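One chain comes next, on its own, written out as structure tokens in the form predicted alone.
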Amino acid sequence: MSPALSHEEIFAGRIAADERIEPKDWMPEGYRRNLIRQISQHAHSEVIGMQPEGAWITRAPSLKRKTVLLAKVQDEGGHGLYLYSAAETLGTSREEMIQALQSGRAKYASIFNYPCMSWGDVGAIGWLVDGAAIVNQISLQQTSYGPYARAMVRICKEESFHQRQGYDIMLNLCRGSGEQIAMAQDALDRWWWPSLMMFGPHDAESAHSSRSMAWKIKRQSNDELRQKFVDQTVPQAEFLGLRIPDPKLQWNEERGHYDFGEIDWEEFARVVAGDGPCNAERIDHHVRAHEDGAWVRKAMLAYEERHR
């Protein structure tokens, strides 16, 4: 009679068999902590990411554009809700995650620490930032943790709308006046490299990538996802008639992929560490909004308690 398998062996077998891990299943503490870090960071990114575009809702150039942008920003808030809820199934609380964000212990996507200075930037964010998010999030639909994978299904559908609305803004600018074309090119010039940084450091230099890959939390590496994004985005820029701001960008026939220049990793580290153009502004705004909404949370709890 063979000895009974340990919890670790059963868990490893389920991961190898591509089974989903659910909240009540046994899991290693490292797996749980890694998931809380990644899912909460993802949630923070969605919520902080509402700020750059939210500031443009009242300045959008038409009622249609205002309506579409309002819907998009609302979607991002919903994505944060799905993801915070998924993280809570791992034993952490919303309050703990928010406190970690506001204290600087938790990170969010570095790209949201750059200023959104023109209507062209709104288009570039939708096209590039949400385009990069889709590349990453499609693979997360197959992540090993069930609540995270299921949240990503709806998020990916909505992100595809976000990417299309951004590209539509860029397309209209590129069909417009010389000034509008210049606005689109300027936005691409400033958002291209931060968009590549979104995928994180090279795999060999990532503190969490190897374990996340082994546990199938991540299905593709940072460099694989970044390459996929470049390959799909360059033809879109060519269709727009815009120039990618990378003199080393060229098609590699042998590899079947685009070669591209090296990212400024010093800038990436600086922004992630809190020294980006808008780091302090983004967190200060989040703190104010959270404090302003305290009475709503108290009222909801009082209502629930009364009806309980």
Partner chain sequence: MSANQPSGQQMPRHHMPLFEVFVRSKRGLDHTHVGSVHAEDAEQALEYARDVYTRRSEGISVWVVRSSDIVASQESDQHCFFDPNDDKPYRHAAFYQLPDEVDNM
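It should be emphasised that the depicted structure is a prediction, and the values quoted were computed from it without experimental measurement. Positions refer to the first chain, counted from 1.
The next section is about a form of this same protein that is not shown, the form predicted together with the partner chain.
Engineer: Tell me which of 91-99, 154-162, 176-184, 189-197 has residues with heavy atoms within 4.5 angstroms of the partner chain in the model of the complex?
Structural biologist: It is the stretch 154-162.
Engineer: Among S85, N252 and E267, does every residue place a heavy atom within 4.5 Å of the partner chain in the model of the complex?
Structural biologist: The answer is no: none of the three residues contacts the partner (heavy atom, 4.5 Å cut-off).
Engineer: Pick from Q236, Q227, S206, S139: which has a non-hydrogen atom within 4.5 Å of the partner chain in the model of the complex?
Structural biologist: Contact check passes for Q236.
Engineer: Which residue among L81, A71, M117, A214 has a heavy atom within 4.5 angstroms of the partner chain in the model of the complex?
Structural biologist: So the residue touching the partner chain in the model of the complex, by this definition, is A71.
Engineer: Look up in the model of the complex whether L171 has a non-hydrogen atom within 4.5 angstroms of the partner chain, and give yes or no.
Structural biologist: Because a heavy atom of L171 falls inside 4.5 Å of the partner chain in the model of the complex, the answer is yes.
Engineer: Closest heavy atom of R150 to the partner chain in the model of the complex, within 4.5 Å or not?
Structural biologist: Flag for R150 set to yes.
Engineer: Taking the partner chain as it sits in the model of the complex, is K248 near enough to touch it, meaning that at least one heavy atom pair lies within 4.5 angstroms?
Structural biologist: Contact with the partner chain, no.
Engineer: May I ask you to state whether H285 is within 4.5 Å of the partner chain in the model of the complex, using heavy atom distances?
Structural biologist: Although the partner chain is absent here, H285 would stay clear of it in the model of the complex, with no heavy atoms inside 4.5 Å.
Engineer: Could you list the residues in 16-54 that come within 4.5 Å of the partner chain in the model of the complex, counting only heavy atoms and keeping sequence order?
Structural biologist: Those in contact are E19, R20, I21, E22, D25.
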